[in-house]
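Given as structure tokens, the chain that follows is alone and in the form predicted on its own.
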């Protein structure tokens, strides 16, 4: 079947197809791509854990074309982004450079998760005019540690959003806000599945949203945890901790919580994994392989393992380095972190394949 024939066939189907093949099989990533790209108002809505049909579907097929879990052809997307497909030995995807970096800005280092590279890159790009804003994850002010999509359009907002929340945040909703407000150059920071959705939007030639995408920064991700499970049931309920007293969360062999009083509490990873979102078990991408730049703090303290994948990512990273905003070291000096990157990438691919065969 030709590419045009596939598009015609998809157009005959609609959201009901997505419900039966993705939502009802617990495959939905809750990214919101189908909701933001539906061309008809009041047909799809984003509920707590994903999309819902609230109107009459016209079966235009756009939701199917942008969903990261429906008839996915990763090789086709790799050809679009990189000009070729990943080779088997490229276990964490295609790349130009792998290094370890951290910010030189004290204000960023005081709030960031690891090395503050994402926040520094956004600040540098914003200052130079390369971006007008960024779709990020912030925290809901009324619900402690509940992630909330945020369209950041100032340096202060970039810094305020620094750090990681380990529950899911549908950052594509914030990206859609930026498009609706007419921002012409938007950076996107998010998980592998969200980057994948954006690349499918680009591949579908949905120009209004594609043209606005100036930069993608992908975050390493093994899985997301249920907010109700990890934060409410485990940490607040079983452990009796006040969520508002927690100042930082990190995963380094376990879930590490830091409090306002300086206390450090560690939850064994096996206990936290009980609250893993089902949808994450089907994902094979650990390091956001379709992003311009991929970042994660695995195996490191105060530094960020950085994978530069595209020319766009390389240029923006080099600009930040040349401005003295980033300190960079060769990955060869951090062999254990590099080996962990390879191991976790292989593990996630194997887990996803096993889950696919079981379903």
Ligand SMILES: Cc1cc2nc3c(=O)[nH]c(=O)nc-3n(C[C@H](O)[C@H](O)[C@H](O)COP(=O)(O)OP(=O)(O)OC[C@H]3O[C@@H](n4cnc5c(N)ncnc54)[C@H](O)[C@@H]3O)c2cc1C
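Positions refer to the first chain, counted from 1. What you are looking at is a predicted structure, and each value in this text was computed from that prediction instead of being measured.
Not on display, but discussed next: the form predicted together with the named molecule.
*Asks:* Taking 4.5 Å between heavy atoms as the contact cutoff, choose which of 298, 64, 308, 27 touches the named molecule in the predicted complex.
*Replies:* It is 298 that has a heavy atom within 4.5 Å of the partner.
*Asks:* Name the single residue among 164, 258, 95, 281 that comes within 4.5 Å of the named molecule in the predicted complex, judging by heavy atoms.
*Replies:* Of 164, 258, 95, 281, the residue with a heavy atom within 4.5 Å of the named molecule in the predicted complex is 164.
*Asks:* At 4.5 angstroms, heavy atoms only, are 38, 193 and 197 all close to the named molecule in the predicted complex?
*Replies:* No: no residue has a heavy atom within 4.5 Å of the partner.
*Asks:* My question is simply whether residue 119 lines the interface with the named molecule in the predicted complex - judged by any non-hydrogen atom within 4.5 Å.
*Replies:* The answer is yes: residue 119 has a heavy atom within 4.5 Å of the named molecule.
*Asks:* Quick check on residue 114: any heavy atom within 4.5 Å of the named molecule in the predicted complex?
*Replies:* Although the named molecule is absent here, residue 114 would touch it in the predicted complex, with heavy atoms inside 4.5 Å.
*Asks:* Is the gap between residue 285 and the named molecule in the predicted complex 4.5 Å or less for some heavy atom pair?
*Replies:* It does not: once the named molecule is placed as it appears in the predicted complex, residue 285 has no heavy atom within 4.5 Å of it.
*Asks:* Can you tell me if residue 275 lies within 4.5 angstroms of the named molecule in the predicted complex, counting non-hydrogen atoms only?
*Replies:* Heavy-atom contact with the named molecule at 4.5 Å: absent for residue 275.
*Asks:* For the chain shown here without its partner, which stretch in 239-247, 219-227, 78-86, 199-207 has non-hydrogen atoms within 4.5 angstroms of the named molecule in the predicted complex?
*Replies:* Looking at the other structure, the answer is 219-227.
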